[in-house]
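Next up: just one chain, as structure tokens, the form predicted alone.
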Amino acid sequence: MNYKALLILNRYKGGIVGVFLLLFLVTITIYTLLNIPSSERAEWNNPSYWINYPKNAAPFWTNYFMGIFDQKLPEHTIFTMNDAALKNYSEGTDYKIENRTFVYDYDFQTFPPAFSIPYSIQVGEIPPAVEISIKRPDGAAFVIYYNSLESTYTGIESQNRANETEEIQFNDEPLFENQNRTSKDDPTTNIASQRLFSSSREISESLSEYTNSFDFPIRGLPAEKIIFSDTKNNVPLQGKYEFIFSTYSFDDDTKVKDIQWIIEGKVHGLMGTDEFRRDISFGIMIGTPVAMFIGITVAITSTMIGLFYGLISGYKGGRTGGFMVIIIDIFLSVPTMVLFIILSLNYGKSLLFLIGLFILFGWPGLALINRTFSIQIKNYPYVEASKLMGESDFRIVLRHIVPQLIPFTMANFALSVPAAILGEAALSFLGFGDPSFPTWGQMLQDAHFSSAEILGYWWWIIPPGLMIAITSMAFILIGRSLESKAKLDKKR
């Protein structure tokens, strides 16, 4: 690398850093648009889409630091049907039993926050019975659930039972996820699906029968703090657990279609999860194209308006120019944030509406600067000479004035992008953003309303805040470099 290249790198090192940051954002944007379909991005606000994720889980890599103090947090674990060991056997000719056993090696110092068991069964002519039991490392075995699908799924009695069960779910989590029994005569469509939560009443009632197995009172304790507890003290019992899902079927049409054991963890994913079980890294990725769209759309449109409005105002001068300056002053005197909030309250929180507001009030500052430059440039001798030679105003503007305004316009364009992104983030944080679009500002608002800063959920606050800072820094560094180059060229 020669001396001239090193000199250029040193002079514009801020701009080079900004370009690398911009490439990072563009890479995320392209990856998101190509690999995450729009239908999946639209699931951000759909609670059922995230039902298998843990609540408020920290990033997985926090365990590397916790491990130094021998305090690893439980990891979120999902066992699928393929992870289970299947054992079939029959007792007589009347029914058969299928046992699916999941082995879980629990070696953490704290209890898991919860667990859930979603499953689907194709029900034959005679409904089967389901039993869920657990074998613990100390040899104890607990039956935590037993029920006949017939009594659970049909009739008013079962519906009342479902409603009663929902009342004791934490955070309104329904026990019954889905029921699809379109035809009792057609076993292929007679699918019974449900999700059993650790907070369900059935499990609590089943565990209450094991009170004498513990040396401390277990009444009122969550199921996970009983199942995973030592019998002497209410501390986690480490070792291998066997979760056994048994079906008692009475015909050949009954088949287990799907089953999962979900042990909710306190760490999960690259950036953790939020109160609504959503993956923070997913929100960061799908929020990047939205932020880039807002920033670039507002910057391009407001910059073009500011360029030509200021140019015309300065070049025309006289009463026309004076009137145009009054319009600029009116826009500059408006308290934009207050006006945005009032307009959002009265005319909706559409993202396109907000972009329109940012454009409407984003051009006057640039127009005023371009007007000043236009007045100076039109009085230069070579511009006067062009007028004397009979060149049209349109040709003079395009040939002599616009090229000199481009560097500053580009610099202002780069600086307008972070202004628009920060404006949207501020409005979203205050609750005036478009909730249908996942933006970093919306993520910060959700975190604030869930008291994430008080509860210590730092992984919910830092990533969106950091992305806003990175985006702003990228365009600010590029804008400052362009501005410096424009000033340097002007001196030459």
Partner chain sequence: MVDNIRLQVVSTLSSSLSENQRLNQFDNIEQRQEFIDQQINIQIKSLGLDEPWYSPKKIMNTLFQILTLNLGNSRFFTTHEGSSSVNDLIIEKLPYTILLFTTSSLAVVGLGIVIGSYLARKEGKITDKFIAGLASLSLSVPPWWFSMIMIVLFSFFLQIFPARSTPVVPPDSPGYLASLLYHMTLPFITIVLIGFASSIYYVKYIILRVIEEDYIKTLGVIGIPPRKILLKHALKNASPQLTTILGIGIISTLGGSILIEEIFDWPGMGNLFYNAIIQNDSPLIIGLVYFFTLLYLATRLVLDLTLSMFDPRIRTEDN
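Residue numbers count along the first chain shown, from 1. Predicted model, so just to flag it, every value in this text is computed and none were measured.
Heads up, the form predicted together with its partner chain isn't pictured, but that's what we're talking about next.
Given the stretches 40-48, 59-67, 420-428, 22-30, which is the single one in contact with its partner chain in the predicted bound form, using a heavy atom cutoff of 4.5 Å?
Of the options given, it is 420-428.
Which one, 388, 332, 103, 126, lies within 4.5 Å of its partner chain in the predicted bound form by heavy atoms?
Looking at 388, 332, 103, 126 one by one, just 332 meets the 4.5 Å heavy-atom criterion.
Considering its partner chain in the predicted bound form, which of 141, 342, 406, 398 comes within 4.5 Å of it through any heavy atom?
That would be 342.
Any chance all of 292, 296 and 361 sit within 4.5 Å of its partner chain in the predicted bound form, going by non-hydrogen atoms?
No.
Does residue 448 reach its partner chain in the predicted bound form if we count a contact as any heavy atom within 4.5 Å?
Heavy-atom contact with its partner chain at 4.5 Å: present for residue 448.
Just checking whether residue 478 would be counted as a contact of its partner chain in the predicted bound form - the rule being heavy atoms within 4.5 angstroms.
Contact check for residue 478: no, nothing within 4.5 Å of its partner chain in the predicted bound form.
If we define contact as a non-hydrogen atom of the residue within 4.5 angstroms of the partner, is residue 36 a contact of its partner chain in the predicted bound form?
Close contact is absent here: in the predicted bound form, residue 36 is far from its partner chain, nothing within 4.5 Å, heavy atoms only.
In the predicted bound form, does residue 468 have a heavy atom within 4.5 Å of its partner chain?
Because a heavy atom of residue 468 falls inside 4.5 Å of its partner chain in the predicted bound form, the answer is yes.
Even though the chain is shown alone, can you say which residues of 452-481 have a heavy atom within 4.5 Å of its partner chain in the predicted bound form?
Those in contact are 453, 454, 455, 456, 458, 461, 462, 465, 466, 468, 469, 472, 473, 476, 480.
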